[in-house]
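Heads up, the chain below is alone and in the form predicted on its own; it's given as structure tokens.
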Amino acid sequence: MAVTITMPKLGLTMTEGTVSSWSKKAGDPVSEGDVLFVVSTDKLTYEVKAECDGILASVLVAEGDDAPVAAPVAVIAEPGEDPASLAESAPAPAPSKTADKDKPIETTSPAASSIQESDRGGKKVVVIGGGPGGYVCAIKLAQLGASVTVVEKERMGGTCLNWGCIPTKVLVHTAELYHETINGSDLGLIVKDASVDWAALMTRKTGVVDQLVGGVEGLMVANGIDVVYGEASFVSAGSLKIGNDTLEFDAAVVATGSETVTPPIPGVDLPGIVTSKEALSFDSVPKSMTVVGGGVIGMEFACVYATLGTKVTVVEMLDTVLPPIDREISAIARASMEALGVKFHTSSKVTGFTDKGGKIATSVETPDGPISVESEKVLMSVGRKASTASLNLENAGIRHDRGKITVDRFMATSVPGIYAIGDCCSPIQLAHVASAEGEIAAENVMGESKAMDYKTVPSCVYTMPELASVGLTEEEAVKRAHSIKIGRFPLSANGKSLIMKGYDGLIKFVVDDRYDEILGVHIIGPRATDLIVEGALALRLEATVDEVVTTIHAHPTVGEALAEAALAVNGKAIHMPPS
């Protein structure tokens, strides 16, 4: 039976391709695997091969012509079939969209339809919240000509700069240096009586935070942005109340972030039970700590304090820690943390806390029965919720789900002219996502029509070692019915990683089997959080493994292992023996 060859889809956004050349002509015999023709798009070229033996009965698209994805391009007849009759009955090629490709894209964006070009300049926009979403949005709005006011209830920089990403990483950095120092004998590094000056570390943490907050405040001044300190609440869809003052606006962007969830567990209000905010500023390094929750925040604190000498126990309800991360990578991370001395109870539930006179007893239901874990501190790290309770969203008519604001892909709320960004509405609670959403919202406020794309959002976890990922995990790719190939390269075979003692590291590619398009990149090891930018760019460009492989990677670097992992997808890694 004849087989119709169609235009392949070589990327998620590809709609058509150009047949740049034919390798066969009508009437030629073809064998399975022979190159029939070459497709080119604006980003790549691809050789389309015969899927069976036979005769090339029909060529339906001429060299240089475009064809939509899935449109018929050629017909291969089986041996014995009459190519002439097949040619007459061959399907007609679908009309190319080439003639329409220069037409402007129409949009139904509420922003584009409600704000006219003449509104630009002097448009009064209020941004509620000065975190990494809010202040970036404010700067973008000012760049686009808006008159901007930021309302912030505490400090510019929000949770990220003041109580999250930045101060945590100050502690992580010192903990890593301390770990390297006291374990440096195999590096030829001997330091006697090394210790951590906790008070000095707290001073440095405060100094780094203050410097960055001051930088953001300076950017507000430099961009002509007004900052009002106070707690905002909606009076209507066009006005806010801040203390005794009323602020009217043409458009608003809600960027109030999130706050820690505290579950109603008996005894959860005992002294010594803290959130991540308090865990950044202990008077001294605790001798013991129970971490409730195996997510990113809990695991980062577990690594820091275990390295500094704290006896750390983690209790997690799921059967694994770091659940959004590829399971193979998270298993390596857990093993590394166990090597630091962290003890895990997974598939376990905390049922209560009891004061034991200077210690807290945490009651835990484990698969092996109830246990009690005593510790000096307990860190509650079970998630975060949208911080919108004080906004009176109902006064403006803003739709929400238990406080989490409902937005579309333009970051628009249910009320024209009011947008939301960051943790108060986003499906991904990360600072760099909030910043990206802030820029999208700003452009839409000013009349553009930009949609948020979460495909290339990288995740970074500052455990020891670091881990980072972008795109689909192996489990997600299978769940979405992708036919996949996996490329793995152990960092124990990478020179720079060996120099840095990254023995247990791994780089893993998840790749579409048909076109070798990269679906996900997952890294654990030295510099993982820096290296993931290459993976994010690869997904943004819808790159194939060949495009990573043919990019020359510098030596000696950990980045070389990215090319090796890409080669490993097809069993061609240079620095690994054939499997």
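Residue numbers run from 1 along the displayed sequence. Bear in mind that the values here come from a model prediction, so they are computed numbers and not experimental data.
One more form of this protein exists, namely the form predicted in complex with a small molecule; it is left out here, but the text below deals with it.
- When the small molecule is considered in the predicted bound form, Asn223 lies well away from it, no heavy atom lying within 4.5 Å.
- Within this chain, Gly502 is remote from the site of the small molecule in the predicted bound form, having no heavy atom within 4.5 Å.
- Using a 4.5 angstroms limit between non-hydrogen atoms, Ser276 touches the small molecule in the predicted bound form.
- The small molecule is not drawn, but in the predicted bound form it has no heavy atom within 4.5 Å of Val321.
- Comment: 226-234 is the region of 226-234, 264-272, 439-447, 347-355 lying near the small molecule in the predicted bound form, near meaning a non-hydrogen atom within 4.5 Å.
- Distance criterion of 4.5 Å from any heavy atom to the small molecule in the predicted bound form singles out Trp163 from the list Tyr305, Phe489, Phe249, Trp163.
- Listed residues Glu152, Asp326, Glu466, Glu316 were compared with the small molecule in the predicted bound form; Glu152 is the one with a heavy atom within 4.5 Å.
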